[in-house]
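What follows is one chain in structure tokens, specifically the form predicted alone.
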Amino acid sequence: MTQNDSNILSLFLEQIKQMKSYEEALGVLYWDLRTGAPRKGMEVRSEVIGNLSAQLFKLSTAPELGEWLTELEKPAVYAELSEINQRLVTETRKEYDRSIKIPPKLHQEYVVLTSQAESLWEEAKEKNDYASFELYLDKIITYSNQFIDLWGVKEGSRYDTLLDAYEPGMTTAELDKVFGGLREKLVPLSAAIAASPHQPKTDFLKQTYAKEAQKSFSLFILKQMGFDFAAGRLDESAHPFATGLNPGDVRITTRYLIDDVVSALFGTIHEGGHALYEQNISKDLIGTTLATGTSMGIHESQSRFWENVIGRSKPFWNRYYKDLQQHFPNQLEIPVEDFYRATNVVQPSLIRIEADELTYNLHIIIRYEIEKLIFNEGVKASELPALWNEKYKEYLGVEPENDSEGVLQDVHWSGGAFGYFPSYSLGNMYAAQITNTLETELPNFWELVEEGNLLPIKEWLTEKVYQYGKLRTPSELIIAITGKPLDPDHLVAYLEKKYKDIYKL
């Protein structure tokens, strides 16, 4: 590499570092906005976020960045770059080509809008007031359509353009096939479960459970998982989320319900799975845009793995049920088998984040189909509550009594995250496939869970998944781990084995 090439590489890496610094600052502001910032400061805070985002956008679309990328992409120069820098050039080029198509003023307006909308969504949900949120959602949809036009519509559909931002390479054609296959295989299983005379009792889960005791147990389980409290924290928010500022500062939140002993716990375990990913990314990637998960589907595979494969398993509760009982004296005087079965009850419900593993995918399919209708068919924000309720009645046989438990239940659309929801089901599929390999490579896997020795599992995942951050694509990662591309049949096999046992089918 010539001296000039080395200088260009140094300038490029310094620009990436500056961009990452802005991202971290914005991450802290977003976290604060959603975990207790005063309401009256929302408007000014949104403007501050918008201004900082505008500066980040300028850095990420600077003409000189494009010039440096062109130089670094020359075959002779690219061949001499390290693996990390090669991947960094490739990823930066993809984002650069996408971002330069968006006018800076349009981008800033959108950031301000979504910052305001996320706080207003929280208030609208609390008051069951969709009308107050509808105008903002309509504007967000309008902006998203403008972005699609500027980015260019992919061959499949307008919605494909949004999907690619969260799961690179995924298309509606592929998702239609995958989701169709899941429906075909899981609906008969759901019917058999509904007809089973061996239904778990769940009434004992609905008592008054002290919030502080819930928090104490959640913190205990996070520690058991290997969550590093010197590099993270647990807070409370209206909707659980995880924010990875850098591997040394990963923040998660949960939501406590005093009449449900497991809602906050599983929410915490879920976000803890995201956090373990972010905390264990290789130190070599710190300060670069590769220090994050490779896709939302892979990220969700880790949260769903810890929440469901581990957290809802019989070996897990054989080990930790006594600890839970000690946190709630005289409230859980039922056998561990009954508790395990109750936490895995299959029952159509209204709330996605509290849905069982089996019907959860139907919640995602509903959102996926609605998002396709918005961007491919032009459905308006005003039509969404009725459409939402219709699909819940059709797919799950339940209908929301109000918009708070219906169209307002998720935060995602207020932040413009259209195309994100399919990642949850993809995460279930990735998790099942990774678990299949894990059980082979770590034969004492379930013994470790029953012993409460979860750290070897975290270490295996660090070696196979976490350390790579965004260094590998989703398809490269799943093939490297399991030896083959994503295969939804692993999820079906996992669900059939587990629930046929629980319901004695």
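Residues carry their position along the shown sequence, with the first being 1. In this text the structure is predicted, and so the values were computed from the model without any measurement.
The form predicted together with a further copy of the same chain is left out here; the points below concern that form.
Distance criterion of 4.5 Å from any heavy atom to a further copy of the same chain in the predicted bound form singles out 41 from the list 452, 66, 41, 456.
Between the options 255, 233, 412, 127, the residue in contact with a further copy of the same chain in the predicted bound form by a heavy atom within 4.5 angstroms is 233. Residue contact with a further copy of the same chain in the predicted bound form: residue 181 places no heavy atom within 4.5 Å of it. a further copy of the same chain in the predicted bound form comes within 4.5 Å of a heavy atom belonging to residue 55.
a further copy of the same chain in the predicted bound form comes within 4.5 Å of no heavy atom belonging to residue 489. Although the partner is absent from this view, residue 245 contacts a further copy of the same chain in the predicted bound form, with a non-hydrogen atom inside 4.5 angstroms. Of the stretches 355-363, 224-232, 321-329, 128-136, only 224-232 has residues with a heavy atom within 4.5 Å of a further copy of the same chain in the predicted bound form. In the predicted bound form, no residue of the candidate spot (145, 372 and 404) has a heavy atom lying within 4.5 Å of a further copy of the same chain. In the predicted bound form, a further copy of the same chain lies within 4.5 angstroms of at least one heavy atom of each of the following residues of 20-37: 21, 22, 24, 25, 28, 29, 31, 32, 35, 36, 37, in sequence order.
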